[in-house]
Ligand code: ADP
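Let's start with one chain on its own, the form predicted on its own, as structure tokens.
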Amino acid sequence: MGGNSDMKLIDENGIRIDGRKVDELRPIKIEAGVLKSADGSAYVEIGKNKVLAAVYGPRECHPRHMQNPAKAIVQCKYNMISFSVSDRKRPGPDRRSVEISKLISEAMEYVVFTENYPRTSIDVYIEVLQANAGTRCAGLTAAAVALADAGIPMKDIVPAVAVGKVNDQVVLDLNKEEDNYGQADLPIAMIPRTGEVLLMQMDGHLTQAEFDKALEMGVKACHEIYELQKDALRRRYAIVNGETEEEPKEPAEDVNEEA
């Protein structure tokens, strides 16, 4: 978050450098059940972000001293692949990935009915294949779909999105340039059914009026992403249960037709 207000990221017509309006999401694609070896999985594209999430469990928790006799623990590992950014990232965990892993673990543990699975671990792996700002939100969105695909009971599916401030305007779903040179960044994750906020972090400065507008914009966008998450799970359910529509067959040629 550079806060370089000299860089013009929004034109006089309110159009951003990638052609979006200030309250418009980047194109989103969500697929559930993309990995056969995982208990649950999801693939999410948000703009140029490409994120893969896999869930294993509930399974016996190792090492045993981490077991909770009253409930399961949710362990998340967020990782950015070395080639996910233009400047090759050093492999392995860093401070940022450890922080995001902890945030997503806590958010997911709040929505999962962990009391149903004492002494177990639910392991969530998030791999960022390509990054372009907002990867923690994309990762959390993918993790929620993967947990649902694994059949793990939850209070609700969790969507996430970032809102920010660019050239003194509140904008939705920051891209890389806006994230680097904008004035504020506010990632939000919530439970749509109850309206509870699970994640909210702010980098930069917003006035009270700007914060209220950003929160309203973020909540509305989360509900839009929520519908896409549910659609992905419905498609997955239809495929598993053989309920996909058959492709129309070509009309058979009349073998008796004269040449």
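Note that residue numbering begins at 1 and tracks the sequence as displayed. It should be emphasised that the depicted structure is a prediction, and the values quoted were computed from it without experimental measurement.
There is another form of the same protein, the form predicted together with the named molecule; it is not shown, and what comes next is about it.
*Asks:* Could you tell me if all three of 89, 135 and 185 have a heavy atom no more than 4.5 Å from the named molecule in the model of the complex?
*Replies:* Contact check passed for all of 89, 135 and 185.
*Asks:* Only one of 69-77, 171-179, 142-150, 110-118 has heavy atoms within 4.5 Å of the named molecule in the model of the complex; I'd like to know which.
*Replies:* One stretch meets the cut-off, namely 171-179.
*Asks:* Residue 154: heavy atom within 4.5 Å of the named molecule in the model of the complex?
*Replies:* Result no; residue 154 lies far from the named molecule in the model of the complex.
*Asks:* Within a 4.5 Å heavy atom cut-off, is residue 102 in contact with the named molecule in the model of the complex?
*Replies:* Because no heavy atom of residue 102 falls inside 4.5 Å of the named molecule in the model of the complex, the answer is no.
*Asks:* Quick one: name the residues from 82-104 with any non-hydrogen atom within 4.5 angstroms of the named molecule in the model of the complex.
*Replies:* Residues within 4.5 Å: 85, 89, 96.
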